[in-house]
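Take a look at this one chain, the form predicted alone, written out in structure tokens.
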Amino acid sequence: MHGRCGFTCGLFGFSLLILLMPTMGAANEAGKKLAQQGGEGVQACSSCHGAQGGGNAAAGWPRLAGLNADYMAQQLTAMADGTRSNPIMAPIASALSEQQRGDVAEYFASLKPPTMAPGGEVDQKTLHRGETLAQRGDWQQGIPACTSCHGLQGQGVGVAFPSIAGQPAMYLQNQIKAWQSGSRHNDPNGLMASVAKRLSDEDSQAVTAWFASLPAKPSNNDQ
């Protein structure tokens, strides 16, 4: 009886996967088209974030390739409803339907992140301070280790904590400033806002430079 059930359940699961495959493929193709060609009232994502979603360090545009799909979809919704203020992205996110946000997020999540770190010219003292903050924090200032939430290699953890390894330093600094000013307030339980407000400008520059010096790590998109 048990063996028969196992065979039947396995067959059902396989059949369900086969039925879902065309839908999954269609969603990925729709996301690819939005990313590379844009759509009605929406410019191509690749025009700012790169053809392979690697970002633009000089302009401060983030890497999207390999980020958690649900995280990206949530951020697009936050930009559309104003809980994450972004004057450039807000009209784009608002023009996308919920389905389109999910499609384009799934597409970028499926891409491999760039192997080269965006880096930049930073002195070793600054990088050492950034590594200390990232891996151990500064408890005298009430700053926890970044890796305690974002993963030991900055690869991100689930939906709430994105991959930050290999993200442009300028982008990361801009997000810290947004949490400090309150223009971004879509973090779980206000955690990032409370940490960001304890960071000095020097420490902000140090920790973001260190994460930018690391090769990008793909998030776990199964969570």
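We number the residues from 1 along the sequence you see. Predicted model, so just to flag it, every value in this text is computed and none were measured.
Keep in mind the form predicted in complex with ligand HEC is missing from the figure; the text below concerns it.
Go through A117, L111, M89, L127 and name the one with a heavy atom inside 4.5 Å of ligand HEC in the model of the complex.
Of the candidates A117, L111, M89, L127, M89 is the one lying within 4.5 Å of ligand HEC in the model of the complex.
May I ask you to check whether I143 falls inside a 4.5 Å heavy atom distance of ligand HEC in the model of the complex?
Result yes; I143 sits at the interface with ligand HEC in the model of the complex.
Under a 4.5 Å heavy atom criterion, is A57 part of the interface with ligand HEC in the model of the complex?
Close contact is absent here: in the model of the complex, A57 is far from ligand HEC, nothing within 4.5 Å, heavy atoms only.
Since only the chain is shown here, I'm wondering whether G53 would be in contact with ligand HEC in the model of the complex (any heavy atom pair within 4.5 Å).
Output for G53 is no: heavy atoms all beyond 4.5 Å of ligand HEC.
Classify Q155 as contacting or not contacting ligand HEC in the model of the complex by the rule of any non-hydrogen atom within 4.5 angstroms, answering yes or no.
No, no contact at 4.5 Å.
Counting only non-hydrogen atoms and a 4.5 Å cut-off, give the residues of 194-208 close to ligand HEC in the model of the complex.
Heavy-atom contacts within 4.5 Å come from V195, L199, V207.
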